[in-house]
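A single chain comes next, written as structure tokens; it is the form predicted alone.
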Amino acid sequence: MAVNTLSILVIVLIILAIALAFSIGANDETLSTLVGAGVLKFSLALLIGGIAVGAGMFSFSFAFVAKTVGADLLGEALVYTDFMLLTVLISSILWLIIGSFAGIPLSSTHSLVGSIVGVVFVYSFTQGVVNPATAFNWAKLNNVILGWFLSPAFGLIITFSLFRILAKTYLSRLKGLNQIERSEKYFKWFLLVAVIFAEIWVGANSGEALGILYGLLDNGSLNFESYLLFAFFCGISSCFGIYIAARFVVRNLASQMINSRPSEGLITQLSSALILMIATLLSLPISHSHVIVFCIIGMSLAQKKEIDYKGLGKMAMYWILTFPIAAIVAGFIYLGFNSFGLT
């Protein structure tokens, strides 16, 4: 579809989707363990990480998580209108901005899916052409929500198990500081591979931007060639997001990981990557930040370190509240559009 035939609204949605892909890269912290371990020069690490995220995002853009967010959550009789997609974007971004200024850690995935639910409910009630009971693919939506609870739990279990196995079969047999340091130097290069692997699946599971584009594809606003082109731009944008903006997050977190061992980072990144890979292949959008937090908890449990349960409970409360609040915000925004006859 030629650019000059696109409506202004569709162009706005495409621009926002590409910008959202940039923000996904900009807020990615995966490279922190690699930079903290001093495996690569900072700029080179950012470049490799950015390419991996962008490649993962584009390579899985034709289906999987993008299709789930952009089409499969809806019932058979329903497709997104352009104003529904705009509402989802505004609601998701607004709630995440509020959370950022309030210092609250939120999930963009939870916010996005919550916004979709709010918009679809309001659409089905106000338009009268879709039964609210059949407005969703309930099996898919239930699987997505179940994945939000299972993925952090499995991240904790896998990290705990892998580190205990590694400690029992290898680390505990190392004698003296020299052997330990020599071993950790080798683990640095395994960590590099694990981080690249993790970044690919971070990009592949990031359905926020591509889900909007897939919605435009599903409702006929984009043809497949245009969709692939803009999906490619999203991949490039996420790469630039890491290289240009994520350096601040990565540098800050890496400075706190100077004393962490590469073997610990390897297990954490490998565990989170495995969870993201499985979720992506099952077409389930999950929160990478939630998974990595529970992987770190699993590592702490394996090493018998103290855990801040109070802070964890506060974080979990915000995670749970994100979905319904995003749904409510999106519902009111879409009602506002409806009041002006924009559906």
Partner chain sequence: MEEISDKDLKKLSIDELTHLFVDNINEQNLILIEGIEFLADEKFDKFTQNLKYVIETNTEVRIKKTFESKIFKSKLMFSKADRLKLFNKINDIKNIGEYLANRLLLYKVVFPDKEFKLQIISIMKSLRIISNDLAEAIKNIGTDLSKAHDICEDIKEERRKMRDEEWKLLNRLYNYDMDYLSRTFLYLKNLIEDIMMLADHMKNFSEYIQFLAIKYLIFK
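These numbers were taken from a predicted model, which means no experiment stands behind them. Residue numbers count along the first chain shown, from 1.
There is also a form predicted together with its partner chain; it is not shown, and the following applies to it.
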Only one of 22 to 30, 58 to 66, 290 to 298, 35 to 43 has heavy atoms within 4.5 Å of its partner chain in the model of the complex; I'd like to know which. 35 to 43
Scan N223, N131, S255, Q179 and let me know which has any heavy atom within 4.5 Å of its partner chain in the model of the complex. Q179
Which pick from W201, F163, F154, Y123 sits with a heavy atom within 4.5 Å of its partner chain in the model of the complex? F163
Going by a heavy atom distance of 4.5 Å, is R261 a contact of its partner chain in the model of the complex? yes
Even though its partner chain is not shown here, does D218 get within 4.5 Å of it in the model of the complex, heavy atoms only? no
Is N142 close to its partner chain in the model of the complex, meaning a heavy atom pair under 4.5 Å apart or at it? no
Spell out, yes or no, whether the shortest heavy atom distance between K188 and its partner chain in the model of the complex is within 4.5 Å. yes
Would you give me the residues of 282 to 305 that have any heavy atom within 4.5 Å of its partner chain in the model of the complex, in order from first to last? Q303, K305
